[in-house]
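In structure tokens, one chain follows: the form predicted alone.
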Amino acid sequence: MTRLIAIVALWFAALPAWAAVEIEEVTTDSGITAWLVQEPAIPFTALELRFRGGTSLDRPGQQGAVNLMTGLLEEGAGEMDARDFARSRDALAASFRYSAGDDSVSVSARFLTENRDEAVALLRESLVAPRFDADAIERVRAQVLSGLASDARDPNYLARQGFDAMAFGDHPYGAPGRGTIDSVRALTREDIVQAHRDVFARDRVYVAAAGDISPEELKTLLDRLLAELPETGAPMPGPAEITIPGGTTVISFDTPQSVAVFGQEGIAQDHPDFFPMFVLNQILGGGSFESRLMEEVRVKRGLTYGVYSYLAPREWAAVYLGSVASANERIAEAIAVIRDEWAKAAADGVTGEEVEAAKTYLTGAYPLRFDGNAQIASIMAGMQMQGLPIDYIATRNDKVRAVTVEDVNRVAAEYLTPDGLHFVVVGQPEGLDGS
């Protein structure tokens, strides 16, 4: 592992300009498609696998099964228990990371060229032959339960989960991806094995690689790695209807500062109006000190340390979200200002100067994302899941630059719904009515 870290550090010195990133599509003999960026200057490779579905594939009554299963993938595989697996991985100076999100289970691997075959063989064992030993299940279950107990004391988590529950109802998006304390305690080994069958299948995998590997080598690697996975997994959950109305919901919580998550229906990434909305959000609440929300809520009134908004297009639904925290006696004023700014943008639009400043920021910040093989592989896998074209990296900034003030003002009037904006507030807010 130490050697891999040293080689990764050297890679940064040889990092090519982001605009020179050239993606090649590779198809294996068994039909697996992958995107590849070759960078032979440093002898290591980053491999990213995304299995579509994620925690939204949890079966009824088994919330948290996919998350718990994912946490067990490096806790022993094949003939190796958890300790042997970790020793083997470290001896190869390889790095494996497994994580579960709403829409995918991600597997991120980094390995040296000289150890590629052995590292991929070990990774394969974790994907096709995880042991799910009883002691490992209880150890990881305890870790998850500890995290859930911490979440129950975190107003930020409570606000986010409260919003999701209201927005998505009975759809899997409305349930906590890591489950609840009761649901995780009730999970059996059979539930975990079933979650593994549901997630890891060839019909839902997206693959990206960046580094010292040729197309032919990648083809061979992927067929060895994924050949033994089943062809199909569990059915996808399907679209979510966003059911949250405008208004305010208060969740009582003993804290001197209230946290609010706010949002409305959003816009999908492949929608023709996505980029005008993207620029609009940067102006309205994109997180920089130049945003309207930051100026009005923090700078002028001192109601918060930070307020931001962002577009959140998930696979099965799109929402437009934001967050703010303020003292209990001032959160009502902060919410009123946010509602007012939402309404002003919808009614009056924005200025040409604001649009140009937002486009300059968004195009300038984009290249900073391409700061390593792992990041490039992750971006490419995400692009595939979102259905973006293979030339998106090269054309993305052109799409931002093409947005006009007329475009932004049109989408502001069409998509911003001040009356549909809902705030979920966790704390002891003064002057707010809510259920």
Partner chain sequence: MIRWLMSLIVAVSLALPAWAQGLHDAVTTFTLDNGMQVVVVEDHRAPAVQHMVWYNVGSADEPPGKSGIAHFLEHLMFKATETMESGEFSQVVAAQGGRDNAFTSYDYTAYFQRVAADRLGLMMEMEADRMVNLRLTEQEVETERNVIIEERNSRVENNPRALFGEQMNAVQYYNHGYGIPIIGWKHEIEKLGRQDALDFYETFYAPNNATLIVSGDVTPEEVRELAESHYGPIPANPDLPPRLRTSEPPQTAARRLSFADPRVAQPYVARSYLAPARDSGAQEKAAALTILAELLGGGTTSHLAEELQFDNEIAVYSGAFYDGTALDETTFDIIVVPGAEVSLEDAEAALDAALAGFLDEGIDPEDLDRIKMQLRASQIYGQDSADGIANRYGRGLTTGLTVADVQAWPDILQATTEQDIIEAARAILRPEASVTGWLMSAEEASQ
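Small disclaimer: the values here were computed from a predicted structure and weren't measured. Rigid core (definition): largest C-alpha set, two forms, superposition within 1.5 Å. Residue numbers count along the first chain shown, from 1.
There is also a form predicted in complex with the partner chain; it is not shown, and the following applies to it.
A residue is said to contact a partner when one of its heavy atoms sits within 4.5 Å of a partner heavy atom; residue 104 fails this definition for the partner chain in the model of the complex, lying far away. Heavy atoms of residue 406 never reach within 4.5 Å of the partner chain in the model of the complex, leaving it off the interface. The partner chain in the model of the complex comes within 4.5 Å of no heavy atom belonging to residue 278.
Although the partner is absent here, residue 194 is not a contact residue: none of its heavy atoms lies within 4.5 angstroms of the partner chain in the model of the complex. With the partner chain omitted here, the record of contacts in the model of the complex names 283-291 of 263-271, 233-241, 283-291, 340-348, defined by a heavy atom within 4.5 Å. Note on contacts: among 333, 114, 170, 223, the single residue with a heavy atom within 4.5 Å of the partner chain in the model of the complex is 114. Comment: the partner chain is not present in this chain, but in the model of the complex one of 248, 161, 304, 323 has a heavy atom within 4.5 Å of it, namely 304. Contact with the partner chain in the model of the complex, defined as a heavy atom within 4.5 Å, is made by none of 97, 166 and 397. Residues of 360-384 that come within 4.5 Å of the partner chain in the model of the complex, judged by any heavy atom, are 360, 361, 364, 365, 368, 369, 371, 372, 373, 374 in sequence order. For residue 41, a C-alpha deviation of 2 angstroms or more is recorded between this form and the one not shown after rigid-core alignment.
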